[in-house]
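Just the one chain here, laid out as structure tokens, in the form predicted alone.
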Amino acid sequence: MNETALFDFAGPQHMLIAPILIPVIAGALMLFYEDRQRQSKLGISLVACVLMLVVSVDLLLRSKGTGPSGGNLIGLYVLGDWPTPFGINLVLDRLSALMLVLASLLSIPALVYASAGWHGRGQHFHSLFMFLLMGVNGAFLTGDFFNLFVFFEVMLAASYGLMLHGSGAERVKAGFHYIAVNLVASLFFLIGIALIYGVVGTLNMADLAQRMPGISDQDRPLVHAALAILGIAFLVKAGIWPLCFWLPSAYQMASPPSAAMFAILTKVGVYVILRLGFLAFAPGSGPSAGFGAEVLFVGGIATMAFGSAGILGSQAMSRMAGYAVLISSGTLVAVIALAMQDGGVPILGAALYYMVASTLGISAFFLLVELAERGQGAVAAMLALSADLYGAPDEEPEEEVTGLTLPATMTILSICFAALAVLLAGLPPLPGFLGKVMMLSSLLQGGQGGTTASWVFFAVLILSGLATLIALVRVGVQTFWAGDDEGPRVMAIEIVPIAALVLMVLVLTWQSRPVMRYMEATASALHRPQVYIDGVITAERTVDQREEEAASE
């Protein structure tokens, strides 16, 4: 058995496939329930999400290795026992384990929030929620492009249903726009896959990375073109300018629990760009090393600038949350580009830390927005007037308001909002500040220090934080301190998920040192792609191991 392999088909543990099986079994099981049996569905969904969190944490702990693996044990699950690169491989490493934990952490608060009423405003909410998680987890685990496409489609199909969940004219309009954009992206995805297979003859990511240095000069432009076409699909999902105009409107119109989960969907695109960039375009890839890094950097900077302008010009908090997603994605893509251009390990580790914190914060922001805007009087009227001036669409018909007016509701919401504003703007002491400071200090001390790109990133990162701060303080004052109405009618079950996500952010601050150590080790592992390649390519099949055992007897 390969010494870098953690799991294989012959091993006694099949935990690696659990993050895919748990949601698909739970989602399929709930299709047999009537929609009126929401409490039963809620129970099944919560159990599935808790199980996924337990399994993901276990996989994360197991992915930490020592010795030859360089702290990055590769887990491999060979479905059907077909040899690599022909079979379907699920691959686990530190990065994929981290993303699994992040998806699981988001799922429980979103589900609890939905139980307050949103899960009853449409059909099959819980099944769609589970299938979305199945697609997300599968995208993080798969080791080949074809199954990445399959899991992308599962994820998108479920997100279409969740996007339209709750109905309403504006939601349906934004939902169809969202569906159309993602269908076009899927077409690019399929074309890119076909071109790669036609030229290189493999769809396995590790096998492709292994073949990259030996590709002929005649075929290399075609491979680059294929990967560039493939990259368009990932950049659309990551929300990179100019492919991001659909995102603020779509996320604004989605139901709050759906939007809270959509915060991880952009990170799926970022994850694939990160994975592909450090496998196919690693320093050992010959003439392809660093391919596309300049485009990614320009796209990331443009996205940060567009998101900053958008958040300043937005009048609704839900739209601001959509632009905050763009700023987060743009920052991560720009850092990936810098890391691919000799930016070093520390800046990538800091970016991973920032990614986790910003995703948790944005997810909480989407949940908080609905409560903060619920039942607004004079402030809502003022915002509606401003929205008319900006040409925003008419508001949806008012939905039935449920819940009770809890004591100190606005105080709790305002404290959570203030914490999220500090996080997203990058002010001390929360992880937004820590992540940005570590990124900038690593950048100035690393191989990119003193270059034009480093100063441009420095300036845009500071300005995007300033724009976020101005926008959120403005809307926060209007919403929480200038209103003359009593607090919104909410239930405790709606506030608890927001508080839980804010608490996770505080834990990230409190435990920043060990978390950063994990992130830097993950970034270091990405800079050593040979460990990943060897873990996948040299893995033995079950039948081979049995033959060896029989021969030894």
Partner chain sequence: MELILALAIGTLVASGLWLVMRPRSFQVIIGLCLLSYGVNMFIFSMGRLRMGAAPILDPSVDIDPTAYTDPIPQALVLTAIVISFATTALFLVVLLAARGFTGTDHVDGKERDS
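Numbering follows the first chain given and starts at 1. Predicted, not measured: the structure shown is a model, and the values here were computed from it.
A second form of this protein, the form predicted together with its partner chain, is not displayed here; the remarks below concern that form.
For the interface check, one of 189-197, 466-474, 129-137, 313-321 should have non-hydrogen atoms within 4.5 Å of its partner chain in the predicted complex; which one? So the stretch in question is 189-197.
Counting any non-hydrogen atom inside 4.5 Å, which residue from 172, 243, 422, 289 sits next to its partner chain in the predicted complex? Result of the distance check: 172.
Using heavy atoms only and a 4.5 Å cut-off, determine which of 183, 79, 462, 408 is in contact with its partner chain in the predicted complex. Residue within 4.5 Å of the partner: 183.
Just checking whether residue 282 would be counted as a contact of its partner chain in the predicted complex - the rule being heavy atoms within 4.5 angstroms. Result no; residue 282 lies far from its partner chain in the predicted complex.
Contact with its partner chain in the predicted complex for residue 352, defined as at least one heavy atom pair within 4.5 Å: yes or no? Outside the cut-off, so no.
Whether residue 297 contacts its partner chain in the predicted complex should be assessed with a 4.5 Å heavy atom distance threshold; does it? No, residue 297 stays farther than 4.5 Å from its partner chain in the predicted complex.
Decide whether residue 177 counts as a contact residue for its partner chain in the predicted complex under a heavy atom distance cut-off of 4.5 Å. Contact with its partner chain, yes.
Sequence order please: the residues of 114-153 with a heavy atom within 4.5 Å of its partner chain in the predicted complex. Result: 146, 149, 150, 153.
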